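Only one chain comes next, encoded as structure tokens, the form predicted on its own.
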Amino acid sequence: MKVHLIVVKLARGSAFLHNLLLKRYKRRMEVVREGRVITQPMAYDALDNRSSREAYKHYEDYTRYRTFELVADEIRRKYSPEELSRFCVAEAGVFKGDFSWIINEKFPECEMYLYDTFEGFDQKDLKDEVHRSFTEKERLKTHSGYFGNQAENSRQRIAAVKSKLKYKEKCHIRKGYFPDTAEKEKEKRWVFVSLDMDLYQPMKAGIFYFWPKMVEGGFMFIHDYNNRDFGGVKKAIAEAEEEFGRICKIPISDEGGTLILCK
């Protein structure tokens, strides 16, 4: 007990030890030194139906998940539930649906569209990425293997994603190559969009497709903007600003180097 108190006192003056304690006791940045509260607990902190593995994943990417909750709260302060019901939310690059789950949780009024091949990267995008030298070939091979060689087939992946959603009736799965799979949504208006397709061509397509259709006060999350393995994302943003003019950009220090775009 005495040793523990000594460690706590040291942690108050050491960011490293403090973060170590937070991780050891699964405290998600709720309390800083001397009991000062810096943020409220996240919504999923109170849930008891998440596996320990999923819970750790969320803790590991705390900054992105928590920032999204705060952004969603700002959107909800601007628009009433009735107004939100006229808008849509989307994620392009779904993988296993962990981020889709929290989007669905925070915007129950909105129709949600999920775009993914559910089979990994498309070969033409991989070739383009290497040709443009955006990603080292070996690193790209590693990432491609991780996303493509999962145990489940695409049908099982889609079922697994849907099983995580609270408001399943609001979810529309669009399997295939983006933006070909978004033809039916051309007239939709978007209040929140997450782009996590990693590679230059699909990320550029996502930005060019969604940004003109974002409503005032809407937000877009661009994953991997500051990820050294996916240099094409910065290029896609630069070309978007050439096309649409200067965009309000806020980088955050999450695991994947996300960039937030504000409409």
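We number the residues from 1 along the sequence you see. Nothing here was measured: the structure is a model prediction, and the numbers come from that model.
Beyond what is shown, the protein has a form predicted together with a small molecule; the following relates to that form.
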Would you classify residue 116 as touching the small molecule in the predicted bound form, given a 4.5 Å non-hydrogen atom cut-off? yes
Proximity of residue 197 to the small molecule in the predicted bound form, heavy atoms at 4.5 Å: yes
Interface membership of residue 167, the small molecule in the predicted bound form, 4.5 Å heavy atom rule: no
Is it the case that residue 176, even though its partner is missing from this view, gets within 4.5 Å of the small molecule in the predicted bound form, heavy atoms only? yes
Among 104-112, 89-97, 184-192, 134-142, which stretch has residues with heavy atoms no more than 4.5 Å from the small molecule in the predicted bound form? 89-97
